[in-house]
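Take a look at this single chain, the form predicted alone, given in structure tokens.
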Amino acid sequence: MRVLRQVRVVYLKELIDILRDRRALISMIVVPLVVIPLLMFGLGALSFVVMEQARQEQHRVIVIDGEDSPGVLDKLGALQGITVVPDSGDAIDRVLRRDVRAAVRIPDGFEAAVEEERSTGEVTLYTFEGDVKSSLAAQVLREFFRELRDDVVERRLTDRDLAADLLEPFTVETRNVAPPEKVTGSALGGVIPYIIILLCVTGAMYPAMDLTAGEKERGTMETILSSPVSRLALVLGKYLVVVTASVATALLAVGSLGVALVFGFSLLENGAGDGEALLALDPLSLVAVFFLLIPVACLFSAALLALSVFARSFKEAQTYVSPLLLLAILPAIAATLPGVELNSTLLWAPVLNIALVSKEMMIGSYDWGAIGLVFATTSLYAALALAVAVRLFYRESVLFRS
């Protein structure tokens, strides 16, 4: 009981100090509540504006050869969004330089072959793969030649008194059977856990460094150690403050993400105007993901505390904890990759197992055995990291490095 009272005293004292620090409040409150939604909406709006501008742009294309097919050239010149420019003999180089968005080579005698029902040869499109505007120009050209081909086929069938649907005896229709919540969960299942894991780490980073390396730099570590508080109570009190900061950041992130996504989905549905919800968010999934990420907050809080206690200054602590941020980000990114799914091996992989289980929960799939195992293993890793931190606080060579 005496240790618990000491832990409570240390916890309250350090928590009050952290809440008085402007930098800590920015990392814990401003970033998850303001920065993350702004980034999501800002990037989404910017992407939408850029794509709309690219679609409305007049794409410059070159037609190679085709002088003996004036009808096709006239139709190409009349296409909306396409501006045909003269061929100067370096069409492919101009596509590479992005002076033009695409080039199309029309075989010799193309129109004559069509009229005589002979093989026309191959129409070739030259594009800059990966360039959005080149892809949009190529899409317009492909649609043009697809419609031209369909018109030719339909005319030939009509000339022979054959039905136009002779070449299309049946159609294939795709229908979505997943409800809007599962569609949204599948689309965002990897991104949301990644963002929350990242904020768990960043929310714990500043308090962990300030309560260890910051104490050393300010010269207050000796005063705290000389107080009638056991080392164990001291470490646990500081650790709980770091966990509180991490969990609070994650909680605010979940709340701000939920509000931002609901607001964004409502805007999309109002813009669509079809009255059918195509996107939706399951609040239960967000709540489940948050509780599953609490052991992650405990794990990184202990690891950050252990790393920071080695440092002699706040700046040195930043150098030590930066690699840990990468160790948190890389598994979370790996969970977003296609084909990476939870299995018996990845159940034991720190961070990656949490991210994969969270992704499954976002689509409404709850494998309680896997969830329990992941929660337990992550809690075990957190306990081991905390044990290391406690051990380091008992070493004078670590606390008073010169």
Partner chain sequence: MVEVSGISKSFSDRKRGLFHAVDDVSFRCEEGRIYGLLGGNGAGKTTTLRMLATLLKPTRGRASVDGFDVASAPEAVRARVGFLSGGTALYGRLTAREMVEYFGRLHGLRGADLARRADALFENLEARDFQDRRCDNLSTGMKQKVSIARTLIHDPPVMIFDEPTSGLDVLTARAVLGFIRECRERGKTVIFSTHIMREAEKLCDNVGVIHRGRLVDEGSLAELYERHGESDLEEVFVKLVTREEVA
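Values in this document were obtained by computation on a predicted structure and should not be read as measured data. Positions refer to the first chain, counted from 1.
The same protein also has a form predicted together with its partner chain, omitted here; what follows describes it.
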| query | finding |
| --- | --- |
| Close approach of Q318 to its partner chain in the model of the complex, 4.5 Å, heavy atom | no |
| Its partner chain contact at R20 in the model of the complex, heavy atom, 4.5 Å | yes |
| Contact of R231 with its partner chain in the model of the complex (heavy atom, 4.5 Å) | yes |
| Contact of G219 with its partner chain in the model of the complex (heavy atom, 4.5 Å) | yes |
| Contact residue in the model of the complex, from S322, T124, N176, S226 (heavy atom within 4.5 Å of its partner chain) | S226 |
| Listed residue (V9, L25, V390, A383) with a non-hydrogen atom within 4.5 angstroms of its partner chain in the model of the complex | V9 |
| Candidate stretches 208 to 216, 74 to 82, 242 to 250, 294 to 302 - the one whose heavy atoms come within 4.5 Å of its partner chain in the model of the complex | 208 to 216 |
| Those residues of 103 to 141 which, in the model of the complex, come within 4.5 Å of its partner chain by heavy atom | none |
